[in-house]
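In structure tokens, the next block holds one chain alone, the form predicted alone.
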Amino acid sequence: MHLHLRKALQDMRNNRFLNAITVATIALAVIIVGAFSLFVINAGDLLNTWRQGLRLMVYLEDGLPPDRRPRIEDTLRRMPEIERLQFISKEAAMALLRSQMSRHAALLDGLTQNPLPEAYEVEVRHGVERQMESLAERIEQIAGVEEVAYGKQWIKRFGGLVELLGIIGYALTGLFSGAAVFFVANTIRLILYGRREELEIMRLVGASERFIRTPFYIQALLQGFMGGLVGIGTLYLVYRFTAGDMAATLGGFGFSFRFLPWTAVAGAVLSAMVVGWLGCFASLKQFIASS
């Protein structure tokens, strides 16, 4: 094995440019696929954070009889999915709107009456996030409830975007893996043709096919390993430079931007090595068939 490794390293030194191009191609594939994976993982975490923090806004009918609201509140409190609720009066809603509009609050001074409805802000129990639609439909059936809102359409659209990006990531994985296999195969093929006479002599003196092929497989695995490390290292450096800005932007949502888990990092490097092995396998198979 030591002899095979030394021969593989010698070939890599003798063909520095070709090997550098191959390693760079594998690294680029890892960076692009890793960046998509990083975005999809964090977008999924962000979506789950928003789902867990979702609150239902239960708007009451205007002109509701005074004795109806306690009955609505009692019905809501008896629902097992609801953790807590808070009543928001028309006056409190208007005060909140004024504070949110800040500089433009003067636009509300011309209103002759308060158009905002009374409402309940409802916090659901953990694990009920995916049942929000059915819960909202049940609450809307309560007499005196005008509407229930919780950003359903926005959450669905963002979830659909995350799924779409995941599919794009799989497509890019296949595309760039194929490109990397092609570059590895061509690198090995050029080395094989450059050493054609040497390999024929090795066959004549009794060297086995396994003995001849092993250094090339080791070289391809080293190319994949180096490309994987360079790609993950570059991606991590970009993450370190941008994580602070992302944390400042999304910190208000109780969300922490994170790097790929160690299993994904190990999987990326291992996949890069498999890509190198496949390129070498394809090149050796073609070379042997033509020799």
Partner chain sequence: MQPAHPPAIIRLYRVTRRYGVQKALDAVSLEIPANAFVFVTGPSGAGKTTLLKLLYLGLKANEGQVIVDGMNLARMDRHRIPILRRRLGIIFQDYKLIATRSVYENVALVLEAAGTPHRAIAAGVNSVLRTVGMEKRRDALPPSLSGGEQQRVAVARALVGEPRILLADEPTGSLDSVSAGVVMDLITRFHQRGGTVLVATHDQHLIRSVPARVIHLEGGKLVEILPCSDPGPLDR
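This one's a predicted model, so the numbers in the text were calculated from it and none came from an experiment. Positions refer to the first chain, counted from 1.
Same protein, other form: the form predicted together with the partner chain, not shown, and the subject of what follows.
Here the chain stands by itself, but in the model of the complex one stretch of 136-144, 167-175, 80-88, 206-214, 206-214, has heavy atoms within 4.5 Å of the partner chain. Contact annotation for the candidate site: L3, K7 and M202 all lie close to the partner chain in the model of the complex (heavy atom within 4.5 Å). At the 4.5 Å threshold, heavy atoms of R195 reach the partner chain in the model of the complex.
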